[in-house]
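Presented as structure tokens, the chain that follows is alone, the form predicted on its own.
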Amino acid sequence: MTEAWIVVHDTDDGNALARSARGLGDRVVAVSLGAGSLADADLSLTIDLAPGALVEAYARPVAALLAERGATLVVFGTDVRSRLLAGQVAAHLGVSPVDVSGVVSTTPLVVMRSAFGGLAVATDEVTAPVAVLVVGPGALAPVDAAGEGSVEVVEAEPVPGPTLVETLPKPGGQVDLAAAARVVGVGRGFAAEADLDLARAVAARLGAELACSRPIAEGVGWMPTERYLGVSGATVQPVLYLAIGISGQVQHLVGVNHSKVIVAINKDKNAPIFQHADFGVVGDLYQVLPALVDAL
């Protein structure tokens, strides 16, 4: 029986990762740092965090636990804490973490990852004795299967270091782009932040989530990074992806190329997005979007 291990520190994100990891093994085992037991895992090894301790302070004992239990495939999420933890755990195990955008096969383990700064996608076989994968939302198709729900309490001491003093809520609501059936993506074709309301109107008519290309989130800051699609952002597989004012560079396409139908609106007839779209509209979004809202 093959086991896929996950290391998590949040209950909801942990259950989502457990469903995604189920396609990698016959059994999902979770190392849960302060997140309690996971309903979607077969076995949760729960570790209670010391007051004020950061999750990455448990990297050494987590690595020791994984080595002791013979874990050979370990999956982490892509949030900041999980990335920090993945790097440190991998270092203690003597391997390097692999940022993956998909898994081609499990025997042998062949993964897809970005290469050349996101300009290309590479397919590699992971031959390390322990595969440490960092997997973003939507990179692995979730499997809806009930976990066994077994729980085992594990004692672990954090490595001394910085302590958590205060936690503040992050502005903006949470979004699960990977679960959306329809997604509307916006890019630098929009001249001003207020103009995004045109796309919001289309998304509302379609019952879609609004997402964006990297420059909108990390360049001008018009949308939160949680809504950025691409090589280091979220990966989606919706029934419909509508790309508005997005040129379609490979860094963005990595996050959307598994969409069932891609529709593109761009005034540049030579935009790369048209090479990947099922349907394309060459036109000024400021004229096309109001007409589309009226039609919907």
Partner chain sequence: MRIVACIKAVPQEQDIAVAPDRSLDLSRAGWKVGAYDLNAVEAGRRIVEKVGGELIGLSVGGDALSGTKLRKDVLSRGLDSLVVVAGDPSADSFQTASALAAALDGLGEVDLVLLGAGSADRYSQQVGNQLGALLGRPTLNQVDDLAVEGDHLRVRRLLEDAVQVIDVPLPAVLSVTSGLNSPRIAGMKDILAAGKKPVCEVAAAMPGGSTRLVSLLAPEQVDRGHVVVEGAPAEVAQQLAQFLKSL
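We call the rigid core whatever largest set of C-alpha positions still superposes within 1.5 Å between the two forms. Residue numbers count along the first chain shown, from 1. Keep in mind the model is a prediction, meaning the values are calculated, not measured.
One more form of this protein, predicted in complex with the partner chain, exists but is not displayed; see below.
- Under a 4.5 angstroms non-hydrogen atom cutoff, the partner chain in the predicted bound form lacks T46 among its neighbouring residues.
- Proximity of T235 to the partner chain in the predicted bound form falls outside the 4.5 Å heavy atom cutoff.
- Interface residue remark: S37 is not counted as part of the site for the partner chain in the predicted bound form, having no heavy atom within 4.5 Å.
- In the predicted bound form, D278 approaches the partner chain with a heavy atom inside 4.5 Å.
- Across the proposed site, A67, A71 and V103 without exception lack any heavy atom within 4.5 Å of the partner chain in the predicted bound form.
- Of the residues given (A179, V151, V121, A201), V121 alone sits with a heavy atom within 4.5 Å of the partner chain in the predicted bound form.
- With contact defined as any non-hydrogen atom lying within 4.5 angstroms of the partner chain in the predicted bound form, the contacting residues in 200 to 230 are L206, R214, E218, E226, given in sequence order.
- With the core held fixed, N266 shows a CA shift of 2 Å or greater between this form and the one not shown.
- Taking 2 Å as the criterion, P61 does not count as shifted between this form and the one not shown: its C-alpha moves by less than this amount when the rigid core is aligned.
- When two forms of a protein are overlaid on their rigid core, residues whose CA moves 2 Å or more are considered shifted, and G207 is one of them between this form and the one not shown.
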